[in-house]
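Have a look below at one chain only, the form predicted on its own, in structure tokens format.
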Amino acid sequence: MKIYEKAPAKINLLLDVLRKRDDGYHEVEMVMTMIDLADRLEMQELPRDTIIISSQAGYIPLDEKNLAFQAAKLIKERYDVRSGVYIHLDKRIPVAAGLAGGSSDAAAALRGLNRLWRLNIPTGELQRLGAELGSDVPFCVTGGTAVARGRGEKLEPIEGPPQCWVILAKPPIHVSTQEIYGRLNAASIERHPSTADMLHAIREKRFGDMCQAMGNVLEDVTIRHYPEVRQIKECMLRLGADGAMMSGSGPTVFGLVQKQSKVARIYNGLRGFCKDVYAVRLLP
């Protein structure tokens, strides 16, 4: 039997850091949603006790450094599963991009292996397992749209934002989330985005207000060291995006566009100096 799971990318409509915690993590408040850019996982049971991962992408680890591998190992150990699994990862989300590609792969592995091995693990427990793998994994287990608090694992599901196009552009650089958070001085953040304004805009389906409420306190930190991020954001706005912002710790920048007539112009304009450009929809 084969099990298939989609692993969609996420974007942060809002990312705020409230303080650095005693355990070294940062206390965050984020509004996250899923987009129609996804990796795909194919999972097949193996008779022997092993985990094998393959992928068409030559640039990702296929061993214990891979989050889908870690998810399989965790679920096998926790539920005493003696059989093995072969996972093929069809990679579409760019890596180290601020789009939670690895976290979504891990979440898809947890969901798929729960079905493959008929473990009947409830969603809440899958999310708790996910939190052991990474801060974005619990959100990726269920997807949708949510406010994330704590270090990202405390989730409050909310209704989805008004539908629109999302144009993503990733410059040819890799940004380490750990590095960006390490350079952030939470106490010196001058302007915090308003989660209340964002939630009100989403609830009332006010697209313009949602674009105005977007904010990411990591953006200035990343831009200081990777000025390409600012150039892409300015280019998106100049070409007609209704709102533009860096996702997560970067370096991917996304633009929100309501009118389809603008999409091709922005996409083609960005392709002029950026190879990884995507035009997708928000997931409902």
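Because the structure is predicted, anything quoted here is derived from the model rather than measured. Position 1 is the first residue in the sequence shown; the rest follow in order.
Missing here is the form predicted in complex with a small molecule; even so, the following discussion is about that form.
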{"query": "Single option in A241, L67, V28, M34 placed near the small molecule in the predicted complex, where near means a heavy atom within 4.5 Å", "finding": "L67"}
{"query": "Residue among I60, I223, I52, L237 with a heavy atom within 4.5 Å of the small molecule in the predicted complex", "finding": "I60"}
{"query": "Partner-proximal stretch of 148-156, 189-197, 93-101, 204-212 relative to the small molecule in the predicted complex, 4.5 angstroms, heavy atom", "finding": "93-101"}
{"query": "The small molecule contact in the predicted complex: Q127, any heavy atom under 4.5 Å", "finding": "no"}
{"query": "Contact test in the predicted complex: T142 vs the small molecule, heavy atoms, 4.5 Å", "finding": "no"}
{"query": "Interface membership of I75, the small molecule in the predicted complex, 4.5 Å heavy atom rule", "finding": "no"}
{"query": "4.5 Å heavy atom contact, V166 to the small molecule in the predicted complex", "finding": "no"}
